[in-house]
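Here you get one chain, nothing else, as structure tokens; it is the form predicted on its own.
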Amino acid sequence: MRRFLIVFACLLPAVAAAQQKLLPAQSEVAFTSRQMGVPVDGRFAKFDAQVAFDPKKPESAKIAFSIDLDSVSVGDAETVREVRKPGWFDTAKFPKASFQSGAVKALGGGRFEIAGTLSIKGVARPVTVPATLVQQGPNTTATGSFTIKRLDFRIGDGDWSDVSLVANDVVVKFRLALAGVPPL
């Protein structure tokens, strides 16, 4: 047992060094949907990430991301109350959305493709998220956007499932500031 603890203690600094830290105040997760053809922008105020990423070894990356769905901001207070209800996010039953990476592939020029599983309202679907990394001093910013089909995740079901009222496509945009990412 003691030998195991010594080995574990020796590995701990390497594991800790591989972890990056999300800088929430410099980060943003937003989305754009369309209601009757008009763009509707929203964002989430609370989210977290656990990241272990080396741009030179993307295949070994581990990325987990969660969003507090109750922190949604879209339109006025009445709209926010509506999107928290069961027909939309159902935040009382499903307070968080999450993403877990499976594979990360380098595309060159600081661009990466992150395949993983997005879970919203108890529904898990595979997604591929493109991300561009830019180093700015000691921090790295990851930006990107991808489109989901809201009905695939039971968002806006029932009366709201008519895609002529609210489009099925929702564009998710992110800017994540990270500390501790090794240089590109």
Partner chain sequence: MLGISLCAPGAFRDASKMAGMNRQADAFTFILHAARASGARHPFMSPSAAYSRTAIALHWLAGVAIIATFSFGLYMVDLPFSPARIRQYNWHKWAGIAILALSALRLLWRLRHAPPPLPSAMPAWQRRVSHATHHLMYLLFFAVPLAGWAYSSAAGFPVVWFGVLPLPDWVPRDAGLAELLKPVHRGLAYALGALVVLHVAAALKHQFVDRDGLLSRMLPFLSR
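Keep in mind it's a predicted model, so treat the numbers as computed, not measured. Residue numbers count along the first chain shown, from 1.
Keep in mind that the form predicted in complex with the partner chain is missing from the display, and what follows is about it.
Which of these residues, 60, 27, 132, 35, gets a heavy atom within 4.5 Å of the partner chain in the predicted bound form?
Spelling it out, the residue with a heavy atom inside the cut-off is 35.
Counting non-hydrogen atoms within 4.5 angstroms of the partner chain in the predicted bound form, say which of 75, 110, 86, 102 makes the cut.
Selected option: 75.
Quick one: does residue 40 come within 4.5 Å of the partner chain in the predicted bound form, counting heavy atoms only?
Judged by the heavy-atom cut-off of 4.5 Å, residue 40 is in contact with the partner chain in the predicted bound form.
Using 4.5 Å between non-hydrogen atoms, is residue 71 touching the partner chain in the predicted bound form?
Flag for residue 71 set to no.
When the contact criterion is heavy atoms within 4.5 Å, does residue 79 count as touching the partner chain in the predicted bound form?
Heavy-atom contact with the partner chain at 4.5 Å: present for residue 79.
Is residue 171 near the partner chain? Define near as a heavy atom within 4.5 Å, in the predicted bound form.
No - in the predicted bound form, heavy atoms of residue 171 and the partner chain never come within 4.5 Å of each other.
Hey, of 43 to 51, 152 to 160, 60 to 68, 136 to 144, which bit sits against the partner chain in the predicted bound form at 4.5 Å between non-hydrogen atoms?
That would be 152 to 160.
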